[in-house]
Structure formats: C-alpha cells, structure tokens
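Look below for two forms of one protein chain, each set out as structure tokens: first structure 1, then structure 2.
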Structure 1
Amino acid sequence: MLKYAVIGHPVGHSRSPGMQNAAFSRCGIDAEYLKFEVAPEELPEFLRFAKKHLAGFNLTVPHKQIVLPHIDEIDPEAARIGSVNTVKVLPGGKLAGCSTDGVGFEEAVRYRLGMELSGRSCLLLGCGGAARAVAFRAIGSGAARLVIANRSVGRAEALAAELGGKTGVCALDNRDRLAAALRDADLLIQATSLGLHADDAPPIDPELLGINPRLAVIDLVYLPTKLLRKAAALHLNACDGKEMLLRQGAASFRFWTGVEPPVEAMRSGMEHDRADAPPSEWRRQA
C-alpha cells in the first residue's frame, strides 16, 4: 500500500486525510493518507523517512518555506512564490515539489464565484505565504490590476516589485486608498490571518464593502469571518476558504497520481473528516 501524509506543527486540525483518503478510495488506488506532527527541527529526519516510506506528502505551517533547500526539482511557480505545499517522492528518492495554493485559489474563484482572473481588477489583503501564492497566480493568469494592502507596507512594496507592473500598494489602515481601490475592484481577496479567531478584528472596516455592489469577495480563512458576514448581508458574490482548500488538495492528488481528482468525493471526505483525530506517529510507520 502506498503511503501519503500531511506534515505540520501543529497538524491536528488538518482535514486533508478525509479529503485524500476519499479520493484514493473513489479511484481504486491502494493508498493511505495520514497526518504527522513534525517540528521544524525534525524536518531533515522526516525527509529521510519520507524518501524510504512515503509516495508523497503535503506541508503546512511552518514547513512550506523551510523545505525549499531540500527539494531536488521545484516547479517554477513554487520557486517564484518561495513555498512548496506538495512533494512527490520520485524513484531513487529524489523529491519533486510544487505549490497548489495558486491553482486552488484560481479554481475556487472560477467554480464558487463564477469568475476568471483574466482582465480583473483585484484588491489583495495580506502579504504572507498564502497572499504570495494568490498574487503570482492572479498576475500569471492575466489580472488587469492587483493592489496589495498590508499592515507592513514595506512587505507589500517588495512583493509588488517582484510582480512587476500592474500592481499598486496601500497601507491596511489607509481608509481613503482602500475605498478607492474597492470602488475599482472586481474581486477582493482576504489573505491575512485575521478571522481565524472569533474575537479577531476584521482587517478592514466591513462597511467599506458597501461601496461597490459589483464586488466579489473570497476570504481564504475557512470560517465565516466578519468580512464574509457583511458580504452576505450586502448580497455580494462571496465565498470562504474551504473551496480553495479542496481545490489545492485536488491539485495535489493530480500531481501525485496523474489521475483526474474526484472533486465531489473529496469535498464529502473533507466535510466528514474527524479533524479531532490525533496525528499518527510517523517513526512507527517505518
């Protein structure tokens, strides 16, 4: 039986096992997907283990960036983002890595919001790992304009410089600049980490969403955030981060197996996942 896993620190909350095991089962592939708690200092030991015992794995916080020097063949998009979330163990033990966050984002926008990125004007909140994946994908897919709003403006300026033209930068607390960007935008992308906790303040004043009745909204957080609740009250076209999670998982499955992912089976597997199940002991899988 082939073995796959997601590694993280913490990893307990991950719903990837339910999603990927449903895909393997639906496609008749004899494989099992587990979750492993791996601390950053354990990564080199884990990679030696993975080369011998796994067919592939996903990575979540804090491994997506620190794994880069260990990857033998990096997909160009992942190299640009500076982040890998999917690794395939090649015959002979070499590691091939890619990032499926960007395609997951683009497919979530396509299938949940009914929108293509090409020609669109976007306002992106945040500048971390997820925002970088979104930004490179949006520009790569032909977005007409991308304004990046971040708490640390210097980070937004650095990202805009990497992306080249078609970009603008704004401080997250500059209400007038945000209002102008929202008025011009087709799509608002919330990619800060705010909203994961019920008492988080929203990254921008939700009342600003009322400026533009044509605005579509995607919040990468998996929960109904204050921003999304306001978008729903205004009847805006909006979705949370679950579709992106599903679509990035589907792209990982395709990368490992070459098989077209059974997306609806994966959705059902993700929704029914016992996210509270404890991680498996990876050293015992040897």
Structure 2
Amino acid sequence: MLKYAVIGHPVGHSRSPGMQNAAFSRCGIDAEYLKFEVAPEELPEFLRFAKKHLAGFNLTVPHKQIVLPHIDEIDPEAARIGSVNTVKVLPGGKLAGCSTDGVGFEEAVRYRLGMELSGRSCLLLGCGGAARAVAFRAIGSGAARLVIANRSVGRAEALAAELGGKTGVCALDNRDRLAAALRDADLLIQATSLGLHADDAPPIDPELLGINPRLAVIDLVYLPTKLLRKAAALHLNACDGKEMLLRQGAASFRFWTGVEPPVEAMRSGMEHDRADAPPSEWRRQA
C-alpha cells in the first residue's frame, strides 16, 4: 500500500485525509493518506523518513518555505513563488515539489464567490507561503491592483517588489490605510494563520468590513473565524478556505497519481472527515 500524508505544526485540524482517502478509494488506488505533526526543527528527520516510507505529502504551516532547500526538482511556478505545498517522492528518494495553492485559490474564488480575478482590486492579509501563492496567482491572472497588508512592512515590500507595479503595501496595524484599501477592494483575502485556534484575534478589526458593502471575502482558514462571522452578519459574499483546500487537494492528487481527481467524492470525504482525529505518529510508521 502506498502512503501519503499532510504535515504541519499544528496539523490536527486538517481535513485532507478524508478528502484524499475518498479519492484513492473512488479511483481504486491502494493508498492511505495520514496527517503528521512535524515541528520545524523535525523537518530534516521527517524528510529522511518520507524518502523511505511515503509516495508523497502535502505541507502546511510552517513548512511551505523552509522545505525549499530540500527539494531536488521544483516546479517553475513554485520556484518563482518560493513556496511548495505538494511533494512527490521519486525513485531513488529524490523529492519533486510544486505549489497547488494558487490554482486552488483561483478556482475557489470562481466557484464559491462567482468572481474572476482579472480586473479585480484585492487586499491580501499576510506574506506566508499560501499568501505568496495567492499573490502571484492574482497578479498572473490579471488583477488590477493588489495591496499586501502584513505585520512586517518590510516583508510586504519585498513581496511587492517581486510582483511588480500593480501592488501596494500597508501595515496590519495601520487602521487608516487598511480602511482606504478596503474601500477600494473587490476582494479581501485573509491568508494569515490567525483563526486556526478559537482564541486567535483576527488580523484586522472585523468592524472594518462594514466600510464596503460590495466587498467579497475569502478566509483561507477553513474554520468559522471571527472575520467570516462578521462578513456573514454584514451579508457580504464570503467563504472559508474549504473550497480552496478541495481544489488544491485535487491538483495535488493529479500531481501524485496522473489520474483525474474525483472532485465531488473528495468534497464528500472532506465534509465527513473527523477533523478532531489526532495526528498519527510518523515515527511509528517506519
């Protein structure tokens, strides 16, 4: 039996196992997908394990960027983004990496929010691995404007410089600049990890969403965050990150197997996944 996994820190909330196991079952592939808690300092040890025991794996926070030096063959888009979320273990133990976050994001916006990125003005919260994939996809798909808001303005400026002239930056704690960006935005993209824990404060004051009644909102966290609850109260066009998870997971499945993913079977598996199931112990899988 082939084994696949998702790794992260934290990873207990992940619904990827239900989604990918449903795909393997529907396609008649003898494989199992698990979730493993891997702290950043454990990544080199995990990669040695993966080369021996896994056929592929997904990465979530905080591994998408720190894994890059360990990848032997990297997809050009992932190299440009500087972020990998999907890895295939090749014969001989080499690792091939790509990013499916960008296509997952664009398809989520299309299918859940009824929007195309082309011609849209976007406000992006965060500069991590998923945020970078989203930023490159938005600009590459013809967004008219992208403002990047981050705690570290320097990191936002560095990303904006990579993206080119259609971008701006502001600090997450600069309320006036955020308010101005929200007034002009068609789409707010929450791409920080804030919201993974119930007691997380939102990255911006949710009351600011009331500035723009035509604003659409996507929160890449797939839990009912405080930001999404406020968007719902304001009757804004909004969605959580489950559709992006589904669409990027389908692209990962295709990358690993070469088989067209059964998207609706994967959706059902994701929705019925026991997200509270504890991670497996990867050292015991050896």
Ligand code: NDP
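Just so we're clear, the structure is a prediction, and the values are computed from it rather than from any experiment. Counting starts at 1 and follows the sequence of structure 1.
Asks: Choose the one of the two that is the form predicted on its own.
Replies: The chain shown second - structure 2 - is the form that fits the description.
Asks: Pick out which of Thr100, Leu215, Ile148, Phe24 lies at the hinge where one rigid part swings against the other between structure 1 and structure 2.
Replies: Where the rigid parts turn against each other between structure 1 and structure 2, we find Thr100.
Asks: Relative to the larger rigid part, the smaller one rotates by how many degrees between structure 1 and structure 2?
Replies: Comparing the two forms, the smaller part rotates by 18 degrees relative to the larger.
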